[in-house]
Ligand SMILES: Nc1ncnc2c1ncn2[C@@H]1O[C@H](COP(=O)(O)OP(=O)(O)OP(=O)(O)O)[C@@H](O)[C@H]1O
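First, one chain by itself: the form predicted alone, in structure tokens.
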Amino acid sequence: MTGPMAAVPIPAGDTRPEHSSLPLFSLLDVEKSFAIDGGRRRLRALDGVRLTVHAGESIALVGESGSGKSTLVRVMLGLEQVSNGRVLFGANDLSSLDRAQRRLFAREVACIYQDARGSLNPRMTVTDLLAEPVRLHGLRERAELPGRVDELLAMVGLPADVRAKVPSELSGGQVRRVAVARALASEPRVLVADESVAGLDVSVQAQLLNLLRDLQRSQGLAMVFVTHDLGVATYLCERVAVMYLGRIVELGRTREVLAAPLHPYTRGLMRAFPRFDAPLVVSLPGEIPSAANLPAGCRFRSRCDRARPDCALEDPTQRLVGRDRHLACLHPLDDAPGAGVDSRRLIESVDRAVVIEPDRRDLPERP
């Protein structure tokens, strides 16, 4: 790993960093590989990833299973050390944070996991689960903790009578809301959600999507949302990063990317999208190559209907192709007649399917 850069220290204690134009997260040519087969081979989970996340913005990471989305999130959370490249939070390299800076980083960046129930201590009541991060970070006096718990429950649309319950006594939707409230308890600047609405009843999923979108806007949070679902990405996030085999192959404003996809893989994802709550089954030919045995040249060429001889020779890297659009493709779709998909209909169908009036959030939820 490269050496740490000179950094402006993150303030210790409860002092919040001043707002600036500096991105909250900067991923600079990040690589992450894992040893397999007893160390004889390396699996390249991330390869040359470049990404920034600014204060208050929402960005979706989309792609098939095995594309590197969850590994990228673990790297951003500091749960995995990069093999090469750098991950900066503000001006600070995550690899060089001291103890006080790590404590503040843990407060500033919160995560909602897909297995919400598994992420909560089964022996703790909802009150204890929500009060713990408030107390640990010294955000309220002891006498103020009950009031703060009530505030957090109200924020996520849960009634006060769940305070004495443990996770096993809650429905699936209620557990997800408690997980959201616990993430908000530390008053973070960044909320990372890893497939946090997957596996829920459609109506409950829609309620949670509304909740997350409203909270992201009202609290001014930056949000990184991991999903395989383009509809969810469209509804929640203003930017989208499309990942394939450890690379970001297309990045830009969500509706612009969907209106005119430039990468053939993005087009494939869109064509495979029947409606917002359906699982992703990509209608692309061929098998996904192994991340432990990547093909020469472009890693998508074996499944691409636009592959040409130079695609086997040159490995395209992420480059700027517009004001806020990045692409990793030698032969993008902008010169292909009929390359676009009817994204307007996709976007409209997502909006109709997801939107639920706020006063319906307190409907009984199914387990």
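So that there is no doubt, residue numbering starts at 1 and follows the sequence shown. Here the structure is a predicted model, which means the values were calculated and not measured.
Although it is not shown, the form predicted in complex with the named molecule is what the next lines describe.
Taken together, the three residues Leu27, Leu51 and Gly78 all stay farther than 4.5 Å from the named molecule in the model of the complex, as judged by their closest heavy atom. Of the candidate stretches 28 to 36, 309 to 317, 296 to 304, 323 to 331, only 28 to 36 has residues with heavy atoms within 4.5 Å of the named molecule in the model of the complex. For Ile59, no non-hydrogen atom is located within 4.5 Å of the named molecule in the model of the complex, even though that partner is not displayed.
Among heavy atoms of Glu195, some come within 4.5 Å of the named molecule in the model of the complex.
Although the partner is absent here, Glu64 is a contact residue: one of its heavy atoms lies within 4.5 angstroms of the named molecule in the model of the complex. In the model of the complex, none of the heavy atoms of Gln174 sits within 4.5 Å of a heavy atom of the named molecule. When the named molecule is considered in the model of the complex, only one residue from Arg267, Arg189, Arg239, His228 comes within 4.5 Å through any heavy atom, namely His228.
With the partner removed from view, the residue among Ala291, Leu170, Cys111, Leu104 that has a non-hydrogen atom within 4.5 Å of the named molecule in the model of the complex turns out to be Ala291. Contact residues in stretch 249 to 270 (any heavy atom within 4.5 Å of the named molecule, taken in the model of the complex) are absent; none meets the cut-off.
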